[in-house]
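This document opens with one chain alone, in structure tokens, the form predicted alone.
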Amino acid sequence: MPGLDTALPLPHEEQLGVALVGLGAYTLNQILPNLPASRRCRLAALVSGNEDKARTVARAYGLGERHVYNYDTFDRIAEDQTVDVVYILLPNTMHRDWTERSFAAGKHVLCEKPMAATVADCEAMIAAGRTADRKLMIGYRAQFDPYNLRAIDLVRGDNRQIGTPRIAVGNHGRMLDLSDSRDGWRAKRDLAGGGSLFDIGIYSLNGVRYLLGEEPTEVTARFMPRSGRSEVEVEEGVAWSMLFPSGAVANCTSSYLIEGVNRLQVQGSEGTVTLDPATKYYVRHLILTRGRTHERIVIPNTNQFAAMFDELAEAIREDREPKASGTEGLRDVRIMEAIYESAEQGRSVSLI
């Protein structure tokens, strides 16, 4: 056996079977191609409202038709012993219902972020998991990305390099293309729950939280000017700042009206850590700046998707809460509700 760059996968019978609910662009282009890289999980079933598409995808990935479900037949998945985990990849306002259905079927749940449209929905999802005695994890893939993990270490870990963190910055922006079916639902409040904040601003919010390792105590926000497109029912841009117990301040933005912004940064008393791009699927750049020295850090063989799946499988095996649990998802939704409240009322909102 030659030396291995990555460990071999577990035997098939030791891997957890994952059912994917929703066959949109993210599932087809990111999750399905990366799931085989997981050591501890494997594809077990597909759930889609488009049965022809589901059957086509199932054949491509070697799944028999008996492991293909539609939204009406989903509850029969309780009888499918090949399925251990249900990954919910549907519009945000559908997360609670499908999480509760998955727990009722006796399955563990991985739910895409944001966890849900409201704090009340998040709390109901957590309660359902406890009642079912099953694990709930939120799909914060960036929390498993080696570049983001190295940035955390540089900011506040054993290898901290920038002194006392003072200012954090999070900027995420992209153009919302209403001619693209993958963006159409994001413009609808009854499906998306929120706008750019829910979709991409959550990367700025969650990113500064895990980089600083603190929870904010106060938020101040304002909405940015809109495009005037009548089809867009949600906010297109928001800017907000957060105060942290240490005295650090975070300044963040999200926007559907700017192109290609994907950046996290922490400025400290002795240096700066910059991730730019910070949360893209395959390309991340990490730079440590100290004085006039700029060090670009390169980490080979990274797959944040596989690491996310493996963490859930390990948490299930060890019977512990997974990293990025439902509690983590609830924290972000609670803060996002406060951001909206601040922007709507024109005042700061306490998070204590």
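Residue numbers run from 1 along the displayed sequence. These numbers were taken from a predicted model, which means no experiment stands behind them.
Missing here is the form predicted together with a small molecule; even so, the following discussion is about that form.
**Student:** With the small molecule left out here, work out from 124-132, 85-93, 205-213, 260-268 which stretch has heavy atoms within 4.5 Å of it in the predicted complex.
**Tutor:** Stretch with heavy atoms near the partner: 85-93.
**Student:** Would you classify G170 as touching the small molecule in the predicted complex, given a 4.5 Å non-hydrogen atom cut-off?
**Tutor:** So G170 does not count as contacting the small molecule.
**Student:** Quick one: is P9 in contact with the small molecule in the predicted complex, heavy atoms, 4.5 Å cut-off?
**Tutor:** Because no heavy atom of P9 falls inside 4.5 Å of the small molecule in the predicted complex, the answer is no.
**Student:** Spell out, yes or no, whether the shortest heavy atom distance between G17 and the small molecule in the predicted complex is within 4.5 Å.
**Tutor:** Result no; G17 lies far from the small molecule in the predicted complex.
**Student:** Mark R55 yes when one of its heavy atoms lies within 4.5 Å of a heavy atom of the small molecule in the predicted complex, and no otherwise.
**Tutor:** Output for R55 is no: heavy atoms all beyond 4.5 Å of the small molecule.
**Student:** Using a 4.5 Å heavy atom cut-off, which residue among R150, R156, R101, K113 comes into contact with the small molecule in the predicted complex?
**Tutor:** By the 4.5 Å criterion, the partner-contacting residue is K113.
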